[in-house]
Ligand SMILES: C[S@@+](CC[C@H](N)C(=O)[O-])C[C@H]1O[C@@H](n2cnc3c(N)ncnc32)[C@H](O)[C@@H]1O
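One chain is shown next in structure tokens, namely the form predicted alone.
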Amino acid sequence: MATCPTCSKSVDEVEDPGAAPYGNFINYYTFNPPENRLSLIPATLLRDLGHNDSREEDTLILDVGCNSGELSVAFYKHVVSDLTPPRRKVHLLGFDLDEKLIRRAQQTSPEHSNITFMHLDITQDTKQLQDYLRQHCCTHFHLCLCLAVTVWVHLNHGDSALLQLLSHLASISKHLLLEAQPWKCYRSAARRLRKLGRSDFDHFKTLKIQGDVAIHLKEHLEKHCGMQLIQSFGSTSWDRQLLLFRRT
């Protein structure tokens, strides 16, 4: 995910593709393929969360910081494979700040009628999300994916922006699937930037939320956002937990 409106270098100009300072990796799914997450998530997830083909309301999925969209498409296929036709009632919206990545996602998505990709910086503008909900006559997304995004918001915008992001996602989502990067990922991201001779992240040295970041975010969601942890799908090969929350 990209979280800064003006990057000093475009995504294609970063010398080390593993050092993208806003999470806008040009080859992200070559080193972290969708299967790393999908192998932990049951194909019955939508049905388990209450979706069925007889409901009148659309089921909406939001993918925060979707990069070039490979995981968005794979996740959509994974969770609708358990449902019987018609599947037109399940829609996925993926967004990212990096325009080049969104254009790539739009060009490669095979499910144009059900999957939409949008250029958006959620730290600056949320109107487009509200417009999307109104278009589908919904007040909330039934499932929000926030996978490997939190570190970039945190490093570039600080503690308060990270908590504001979670609060906003909780306010517009019935369920939230969260994958928070551990603290070692923060140190690795900062180290990569230093190796390139670039400026450190603005907030890295002043962050108060440290250590077990996932625990801090869980506490915020449960104490301040009206959400409850209902399931852990285990940890990915990168030792990151997939935590499912439900609005209470």
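One-based numbering along the sequence shown. A quick note: this is a predicted structure, and the numbers were derived from the prediction, not measured.
Just so you know, the form predicted in complex with the ligand exists too; it's not on screen, but the next bit is about it.
- Taking the pose of the ligand in the model of the complex and superimposing the nearby C-alphas onto this chain, the site is blocked, with at least three ligand atoms within 2.4 Å of backbone or C-beta atoms.
- Segments offered: 216 to 224, 190 to 198, 22 to 30, 43 to 51. Contacting the ligand in the model of the complex at heavy atom distances within 4.5 Å is 22 to 30.
- Contact check for G65, L101 and V153: all three have a heavy atom within 4.5 Å of the ligand in the model of the complex.
- For the options L166, V79, V90, L120, the one in contact with the ligand in the model of the complex, meaning a heavy atom within 4.5 Å, is L120.
- Residue L147 is the only one of L147, L176, V73, L162 with a heavy atom lying within 4.5 Å of the ligand in the model of the complex.
- With a 4.5 Å cutoff on heavy atoms, F95 counts as touching the ligand in the model of the complex.
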